[in-house]
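Below sits a lone chain in structure tokens, taken as the form predicted alone.
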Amino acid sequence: MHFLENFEPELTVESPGRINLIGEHTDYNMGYVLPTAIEKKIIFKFRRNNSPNICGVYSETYDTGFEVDLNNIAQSEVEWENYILGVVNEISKRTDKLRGFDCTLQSDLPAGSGLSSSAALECGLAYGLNELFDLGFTKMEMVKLSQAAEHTFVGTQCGIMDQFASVMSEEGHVLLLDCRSLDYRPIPINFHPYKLILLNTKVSHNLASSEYNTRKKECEEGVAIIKQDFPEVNSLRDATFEMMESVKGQMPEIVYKRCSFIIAENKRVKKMTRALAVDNLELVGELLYEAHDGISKLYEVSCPESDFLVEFSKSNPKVLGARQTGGGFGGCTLNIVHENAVEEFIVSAAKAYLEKFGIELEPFEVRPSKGTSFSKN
């Protein structure tokens, strides 16, 4: 890219990935989630380039880049570019203050790992451009326009959790987020003497985006059936198991399974919040195993690799719980492991995984961290 030769950034932004402790696929069903940002992140460097409309974007991680003309923003054949283009498009709809800029980005977030590198990409770009051009967007407006970018340019009908966690998280806390009202409460999290260990399966099944939209439709179908008998139900957030049982005969089995998982998962988020408040880590672990069972059997967004690692963790008494985290079909499993057993657990899990699938496992510890922020140049 031509601008890299004399690139002197005016602004640096750090935008983190996220984990979701519990509350998978509940966000687009207007339910509750319990996410937090993590230390792995994308680092953006920005400068204005004095062009009225030409923008240069370069990924140091992948050694590739592209240009955007603000007067002609169109979808790209290259998937990662659409996250950038979508945000620029959404900003352009909301303000005429955007001008030409150059931006480089570098990531230590594994793509396709379920840690929401996509939301980090969207939110970091929105955050930086907001500051660079004094656009005046609030944090919440940046969260919403980043979500809209994913809907329109990427085509994933995601809920708001990933973008919200990437921007709003606080160090040492998870966020109890109500995805309908967007009210949220930081919950202090203390896992000592346990640690949060992610095992990256290194598999990212390409079903994720299309199947995500399918799950959303299946849930909407369930709501429509429940609503015929219970008009007060506008989302699965309003539904109960009693309602589900009364309409079971009218509901396709697959839709029943999807809805049952979401209703149970919402309950687990509330139980988890209460367990964290009294440091009941055993219950936290049990809820993770329970959630994974539902992810695998009812919502069917797991995969053999994730199922294997979760099952493997049950053989170690120093592991309190585990589940696949993220949208599904690969990515990472989240494990709560006693600090004295972390190394042994990682070594044994990696050995078993390599023997079973021929894939090198990628382990790392995560800590609840702050959301998107500026850092000094």
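As the structure is a computational prediction, the values presented were derived from the model and not from experiment. A residue's number is simply how far along the shown sequence it sits, counting from 1.
The same protein also exists as the form predicted in complex with alpha-D-galactopyranose; that form is not shown, yet it is the one meant from here on.
State yes or no: in the predicted bound form, is some non-hydrogen atom of Tyr58 no more than 4.5 angstroms from a non-hydrogen atom of alpha-D-galactopyranose?
Close contact is absent here: in the predicted bound form, Tyr58 is far from alpha-D-galactopyranose, nothing within 4.5 Å, heavy atoms only.
Contact test in the predicted bound form: Cys158 vs alpha-D-galactopyranose, heavy atoms, 4.5 Å:
Yes, Cys158 is a contact residue.
Any chance Gly17 has a heavy atom within 4.5 Å of alpha-D-galactopyranose in the predicted bound form?
It does not: once alpha-D-galactopyranose is placed as it appears in the predicted bound form, Gly17 has no heavy atom within 4.5 Å of it.
Heavy atoms within 4.5 Å of alpha-D-galactopyranose in the predicted bound form: does Phe345 have any?
It does not: once alpha-D-galactopyranose is placed as it appears in the predicted bound form, Phe345 has no heavy atom within 4.5 Å of it.
Just to confirm the contact call: exactly one of 39 to 47, 66 to 74, 335 to 343, 26 to 34 touches alpha-D-galactopyranose in the predicted bound form at a 4.5 Å heavy atom cutoff, so which is it?
After filtering at 4.5 Å, what remains is 26 to 34.
Only one of Phe137, Tyr184, Tyr256, Tyr212 has a non-hydrogen atom within 4.5 angstroms of alpha-D-galactopyranose in the predicted bound form; which is it?
The option sitting close enough to the partner is Tyr212.
Using a 4.5 Å cut-off on heavy atoms, what residues in 310 to 340 are near alpha-D-galactopyranose in the predicted bound form?
Heavy-atom contacts within 4.5 Å come from Gly326, Gly327.
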